[in-house]
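First, one chain by itself: the form predicted alone, in structure tokens.
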């Protein structure tokens, strides 16, 4: 009886765990890796520099402790903290209010400007890409030292931040309510108020709260260039080598940021 042997089927190779990469992508990765290695050798701290800097850091920390608790200084610091919160709050509110129509004008498929929506979108990108300190320097040069320059900086920064997210949220809004309103002859403003805003309101609130949290941090730094707030007091403390004053201000900033993060997290959880 002749024995029959079944043909041996080729064994399937297991799928590769690594995605395939094109020659162009491989070249880009090699260039980026080489740039990183060169940059690390030029700007990264060496172990010798870190070892030499640790004793000086310890000496500076020793000179900053204990923080200054003089009642007169704490009262002056309290007024500066209040000014910082005012800059952040007023700048964020104005920025959010302006961001709403700006985001609408820049949103794809929703903007009444049609192809000209790229102009408000480019303006939002400009506000977002220029650093806060640069805007602060511009406003300090034109409006003078003080909180007004800081508030204007926060307004511009908030427009750059919220304008982009507002536009993207409006673009992703549910289209069925919009189509229903268009079908009965509603204009663009009616569609915005009756269909788009109710759908994206949680996203708008979350973005606004993130902008407020971001503004509190930014308003602290703006004082370093004369735009008011507690940062201005911190700069004076370091300029005059009043390190105990500086440590008290840094501790107050830390508490303010933590409190603001806690507050905004609670508000975001409530509106979600």
Partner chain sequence: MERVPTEHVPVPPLAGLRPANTGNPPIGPLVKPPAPVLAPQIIGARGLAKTYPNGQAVFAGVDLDIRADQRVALIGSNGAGKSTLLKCLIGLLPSTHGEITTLGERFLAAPNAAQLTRLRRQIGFVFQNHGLVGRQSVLTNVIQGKLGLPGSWRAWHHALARQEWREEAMAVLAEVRLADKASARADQLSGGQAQRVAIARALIRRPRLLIADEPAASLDPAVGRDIMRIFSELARDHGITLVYTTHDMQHALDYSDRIVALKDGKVHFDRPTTRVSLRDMDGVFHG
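Numbering follows the first chain given and starts at 1. The shown structure was predicted, so the numbers you read here are calculated from the model rather than taken from an experiment.
Only in words, not in the display: the form predicted together with its partner chain, which the text now covers.
- Contact annotation for the candidate site: 125, 131 and 137 all lie away from its partner chain in the predicted complex (no heavy atom within 4.5 Å).
- The listed set 101, 198, 112, 78 contains one residue whose heavy atoms approach its partner chain in the predicted complex to within 4.5 Å, identified as 198.
- For the options 96, 152, 173, 181, the residue carrying a heavy atom within 4.5 angstroms of its partner chain in the predicted complex is 181.
- Of the heavy atoms in residue 85, none are within 4.5 Å of its partner chain in the predicted complex.
- Not displayed here, its partner chain is approached by residue 185 to within 4.5 Å at the level of heavy atoms in the predicted complex.
- In the predicted complex, its partner chain stays beyond 4.5 Å of every heavy atom belonging to residue 141.
- Under a 4.5 angstroms non-hydrogen atom cutoff, its partner chain in the predicted complex lacks residue 146 among its neighbouring residues.
- None of 67 to 75, 189 to 197, 156 to 164, 104 to 112 except one has non-hydrogen atoms within 4.5 angstroms of its partner chain in the predicted complex; the exception is 189 to 197.
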